[in-house]
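Form predicted on its own, single chain, as structure tokens, below.
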């Protein structure tokens, strides 16, 4: 199986395992609701011991590094549909989870 790519508007965090591979500080500044932070440097340590859901979407900052991470997860997530999110966190136009539960969209950063 080869990991694909999905557009951000196709990602439903309520049904997909969204794995954010940015570092912990970037994740803490804001992330897609329900996303789990697994920094890329830690991914290899957990990828084979973890149970993956049916749909896994990997997000990074701009969608380049997540392609590499999606291929790695795809090698271990036998039955899951694994994809990287095109354009990454920068293109996410949906709700964000911020520190202290504040919610906003990426446009708030402009």
Partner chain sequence: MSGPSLDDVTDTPDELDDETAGKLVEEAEEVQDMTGEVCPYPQVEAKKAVQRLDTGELLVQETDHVPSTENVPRAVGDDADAKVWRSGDGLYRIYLEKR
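Numbering follows the first chain given and starts at 1. None of the values given here were measured: they were computed from a predicted structure.
There is another form of this protein, the form predicted together with its partner chain, and it is not shown here; the text below is about that form.
- For the three residues 15, 81 and 92, a heavy atom within 4.5 Å of its partner chain turns up in the model of the complex in no case.
- Using a 4.5 Å cutoff between non-hydrogen atoms, residue 72 counts as a contact of its partner chain in the model of the complex.
- Using a 4.5 angstroms limit between non-hydrogen atoms, residue 65 touches its partner chain in the model of the complex.
- Although the partner is absent here, residue 48 is a contact residue: one of its heavy atoms lies within 4.5 angstroms of its partner chain in the model of the complex.
- Using a 4.5 Å cutoff between non-hydrogen atoms, residue 54 does not count as a contact of its partner chain in the model of the complex.
- In sequence order, 40, 44 are the residues of 28-45 having a heavy atom within 4.5 Å of its partner chain in the model of the complex; the partner itself is omitted from this view.
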